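One chain comes next, on its own, written out as structure tokens in the form predicted alone.
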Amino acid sequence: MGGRRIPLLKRLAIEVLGEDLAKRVWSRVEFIGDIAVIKVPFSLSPKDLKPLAEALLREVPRVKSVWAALPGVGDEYRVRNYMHLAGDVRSETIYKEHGCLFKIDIAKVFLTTKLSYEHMRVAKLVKEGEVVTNMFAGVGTFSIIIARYSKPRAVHSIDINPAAYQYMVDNALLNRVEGIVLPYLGDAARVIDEKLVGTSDRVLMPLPDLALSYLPYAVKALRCRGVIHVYLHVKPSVNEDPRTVAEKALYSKCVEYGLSCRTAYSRVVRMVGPRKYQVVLDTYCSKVG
């Protein structure tokens, strides 16, 4: 290893699983509060990961419970299916990010630590006095970090999952931003149509599977013009830039819907599968007509 110190997680995986299997697993471990989540590769059984789960309990003091996240998405609320592997049989925890606290239950809501950079990046873009609409707010990570670190007038925060909505309400209180983060339970399209048309300077769409089909509602939420942060999943061909693929998909929808949009910034957020990427497009949109 050339004298370089191997990270603890990688070392534990090699010790208990062997080097070949460890290569496929160690980078798939995510720490959410005092819970460790191991994302199970398609070719493995959760039981294959029990030795690693027990090693994490033994060697990482903050870990009190270990769960396997099974491949695929479990239900209409985009929540994964989990299997308990070791430690406390408990799926609720407190997750801390950028000085904010988020009470969550991994079995009832979606949360990934992989968006931590995006949460703060977007928060830094929000200008004082802006009104923001977060169409797929979950437990409030984007919304609460924006409320804490920027000076928005309001962050309208929508989610269709009742559990996520309740955690969002609780987390706004926990972080003392309940007067700024305004939670709504329901489908984002319906909530915008009924309550938020023409209210916002900036819209967040952090649910890639619905972003393109819900784009007209994001534009409806804007005043005359504003910024929409569009998150997409794309699968580019070999040597094709994921950002280019995402921009083409977005512009195709803009033409279809008769929208005027211009992307000012794009970045690959993360890899989410074999040659599959999550991309964010910061896009200026104007209402036409």
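Please read these numbers as outputs of a predicted model, since none were measured by experiment. Heads up: residue numbers just count along the shown sequence, starting at 1.
Just so it is clear, the following notes concern the form predicted in complex with a small molecule, a form of the same protein that is not shown.
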Contact at Y77, L115 and L210 by the small molecule in the predicted bound form, all three, heavy atom at most 4.5 Å: yes
Picking from I180, I160, L174, V131, the single residue whose non-hydrogen atoms come within 4.5 angstroms of the small molecule in the predicted bound form is I160
Does P216 reach the small molecule in the predicted bound form, with heavy atoms at most 4.5 Å apart? no
May I ask you to check whether S200 falls inside a 4.5 Å heavy atom distance of the small molecule in the predicted bound form? no
Contact with the small molecule in the predicted bound form for P152, defined as at least one heavy atom pair within 4.5 Å: yes or no? no
Looking in the predicted bound form, any heavy atom of Y167 within 4.5 Å of the small molecule? no
Where, among 123-131, 192-200, 84-92, 141-149, do residues come within 4.5 Å of the small molecule in the predicted bound form by heavy atom distance? 141-149
